[in-house]
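Below you will find one chain, with nothing else, as structure tokens; this is the form predicted on its own, and questions on how it binds or moves follow later.
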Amino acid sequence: MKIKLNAVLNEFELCIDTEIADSGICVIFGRSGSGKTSLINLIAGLETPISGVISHGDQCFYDSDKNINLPTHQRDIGYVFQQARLFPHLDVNANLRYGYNETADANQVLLKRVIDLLQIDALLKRFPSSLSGGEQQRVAIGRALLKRPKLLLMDEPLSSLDHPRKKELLTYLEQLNKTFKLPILYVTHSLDEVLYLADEMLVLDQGKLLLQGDVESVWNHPKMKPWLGHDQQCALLHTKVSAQHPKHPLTALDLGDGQQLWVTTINSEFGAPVRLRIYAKDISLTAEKATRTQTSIRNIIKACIVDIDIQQTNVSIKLALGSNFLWADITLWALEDLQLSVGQHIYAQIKGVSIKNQDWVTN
């Protein structure tokens, strides 16, 4: 998808020039007021830029030089808002069928797939007022899918839900992408949602493009530190299942270079890809490798120091292990005693119990 635009919306200026992959989930991330919702509204045709080009595949949505500005209903786009926006006077079945072309869906194959995927069969005769927030959003997603869009836009669809409902709906969204192979632009300011969903990540700051790329490289970029904060400083690793412990409920993840990371059991087959979040506060460093009979920590990983960021109250150490990176938070005192330097090899100690179920996702 090609986006090159200049827009002034209520005195807010948004200037973007980029291309987004035409597959997978691209998360649009940033602080409130950074331009996330404005960007997808411009793509949807709900707002109009001053100038630029917006196109998806072979369809041009907007081109100021060619005087092209397709109305929203001609853009082959599905849109899921923060609030479900269901029609209150229609039951779920009627809401789903709004915009649904029954003649184009032989034997209602698509309709049945959507209902089954989102598990809303039991809701079809109910009205929106009797549904929970998570149920309403599932219906809204189903309604968007039944329009057969070529692109799906989602504007913080989980922001109004409580934590259990968010976790529940994340599972449906993950399945949605795998089932329909539909490119999705997903607006959020939640790092948990980035972890679970993103293939590509686009970070906006004050109407400008700050970072863009695959989710691991963007997440691990130094410019992401303001969003992570000191207590939430963490790294994303791409790994794969390499073994299951024969006696204990633990799974080994392959880090490359013959190294493994043991975590609580992940019920996936051998070789399954896993995206993993590890917090800097859960890593300690040692100059010498202890054996497993000398320490309770099971994960002792050899790594190379690639950056040392000395701050007021702590020191952030960036570690490379194969194609992955880790961050470790230590004190200035520890830095001085260990005499750490860039290029030095050291051992990162990671407690397996510190990695929770919400810190990994199978891709």
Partner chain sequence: MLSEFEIQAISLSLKVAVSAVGISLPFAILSAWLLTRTQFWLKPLFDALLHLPLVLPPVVIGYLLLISFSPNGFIGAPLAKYLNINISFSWQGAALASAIVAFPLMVRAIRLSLLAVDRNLEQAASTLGASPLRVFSTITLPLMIPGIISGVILAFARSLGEFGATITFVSNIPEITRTIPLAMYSFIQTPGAEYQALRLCIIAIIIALLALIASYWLEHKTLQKISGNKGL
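Residue numbers count along the first chain shown, from 1. Please read these numbers as outputs of a predicted model, since none were measured by experiment.
The form predicted in complex with the partner chain is left out here; the points below concern that form.
Contact check for Gln175: no non-hydrogen atom falls within 4.5 Å of the partner chain in the predicted complex.
The closest heavy atom approach of Phe81 to the partner chain in the predicted complex falls within 4.5 Å. In the predicted complex, the partner chain stays beyond 4.5 Å of every heavy atom belonging to Phe270. In the predicted complex, the partner chain stays beyond 4.5 Å of every heavy atom belonging to Thr265. Here the chain stands alone, but in the predicted complex its contact with the partner chain, taken as any heavy atom within 4.5 Å, falls in 140-148 among 189-197, 286-294, 160-168, 140-148. A single residue from the set Val306, Ile50, Ile68, Leu46 has any heavy atom within 4.5 angstroms of the partner chain in the predicted complex; that residue is Leu46. Only one of the listed residues (Pro226, Gly99, Gly213, Gly256) places a non-hydrogen atom within 4.5 angstroms of the partner chain in the predicted complex, and that residue is Gly99.
For the candidate spot formed by Ile77, Phe87 and Ser129, every residue has a non-hydrogen atom within 4.5 angstroms of the partner chain in the predicted complex.
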